[in-house]
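Only one chain is given next, in structure tokens, and it is the form predicted alone.
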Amino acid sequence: MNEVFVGLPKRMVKISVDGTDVQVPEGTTILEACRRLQIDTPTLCQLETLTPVNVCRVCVVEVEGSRVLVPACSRKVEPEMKVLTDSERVRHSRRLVLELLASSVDMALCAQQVHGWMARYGAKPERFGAAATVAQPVKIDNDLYVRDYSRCILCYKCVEACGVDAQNTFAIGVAGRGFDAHISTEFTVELPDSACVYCGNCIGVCPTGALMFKSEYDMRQAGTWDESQQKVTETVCPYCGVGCMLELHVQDNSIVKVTSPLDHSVTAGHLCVKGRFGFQFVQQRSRETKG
């Protein structure tokens, strides 16, 4: 008989979050514990499929005994830890971070949840004026996706997805320091001349619309993009036998973009160039049939 080693069960750790006791497995982050209690903890740089980089600082919480606020997305729970997620100190920090972000970049295309957080914490970015970041021109150097860094908050998600967490292409990274820090290709070359393989995984993780399908960008420019009129259909990618799950976003009987669910066991939200951008043949076949 073959023996199968399944490992030891994780020890349960008891903590207190906003006065409520909860037991979570050892190694759980504070953010995961908050979500178990259905506490809406804002975060912009965190994603379940990516390594936490702790850069947006919107998820900070107050831990008893800690001199500074700690990032909930990466801080692991400890026995008898007492966490406050909505203290005045936490609210002040989150409000200030959201104000600074919204005053330096265009966050109009962020998810409605982000705008809800700004309203919840009373963020007023206009009091800081507008930074030069907003004035950057849109980079359109290929037919698949555009880069609008006037919307980039330097969350590092695209860098992580292009690197060891998904694609391992390392086509993009963070260049410069301080106020000059920005996302860039190697030696700032045009995207077609870089190591980019056009998997589009950077688009899939971008929270602000800084990276966008060319099809979506063109429709937004024309004023025809309407998510309320879009239907999402799940299907399996037809290009190979891996079994990647696709989410086809359809508007006016045409596919306008393709995503993949984060919780799918095969893709974890990531696709290759064929799966994400190779949907034009569906429209072409439809036109040929009608003709």
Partner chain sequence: MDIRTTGGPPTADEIAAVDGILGSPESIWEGGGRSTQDDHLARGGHAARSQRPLLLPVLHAIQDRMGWVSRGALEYACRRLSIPPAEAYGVVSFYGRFALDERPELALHVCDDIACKGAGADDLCSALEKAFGPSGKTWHRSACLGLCDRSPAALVERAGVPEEREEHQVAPITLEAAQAILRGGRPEDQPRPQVVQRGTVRLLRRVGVVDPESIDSYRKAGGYAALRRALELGSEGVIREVTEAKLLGRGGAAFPTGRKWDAVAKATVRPHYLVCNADESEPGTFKDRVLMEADPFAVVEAMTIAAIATGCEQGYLYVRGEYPLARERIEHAIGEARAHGFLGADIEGAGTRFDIEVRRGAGAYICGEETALFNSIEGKRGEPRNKPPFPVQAGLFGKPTLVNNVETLVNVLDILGEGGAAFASIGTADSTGTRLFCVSGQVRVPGLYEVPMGTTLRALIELAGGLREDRTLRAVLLGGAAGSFVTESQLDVPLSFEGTRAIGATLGSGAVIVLDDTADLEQVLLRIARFFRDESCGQCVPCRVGTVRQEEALKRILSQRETSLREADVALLSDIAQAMRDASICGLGQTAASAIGSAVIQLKLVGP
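Keep in mind it's a predicted model, so treat the numbers as computed, not measured. Positions refer to the first chain, counted from 1.
Another form, the form predicted together with the partner chain, is not on view; read the next lines as being about it.
- Site annotation in the predicted bound form: the residue of Y156, Y149, F213, W117 reaching within 4.5 Å of the partner chain with a heavy atom is Y156.
- Residue V189 is the only one of L144, I140, V189, A111 with a heavy atom lying within 4.5 Å of the partner chain in the predicted bound form.
- Among residues of the shown chain, G173 is one whose heavy atoms approach the partner chain to within 4.5 Å in the predicted bound form.
- The partner chain is not shown here, and in the predicted bound form it never comes within 4.5 Å of any heavy atom of K231.
- When contacts are judged by a 4.5 Å heavy atom cut-off, L69 counts as touching the partner chain in the predicted bound form.
- For the chain shown alone, I203 is not a contact residue for the partner chain in the predicted bound form, no non-hydrogen atom being within 4.5 angstroms.
- Contact annotation for the candidate site: S104, F128 and D193 all lie close to the partner chain in the predicted bound form (heavy atom within 4.5 Å).
- Residues of 80 to 94 that come within 4.5 Å of the partner chain in the predicted bound form, judged by any heavy atom, are R89, H92, S93 in sequence order.
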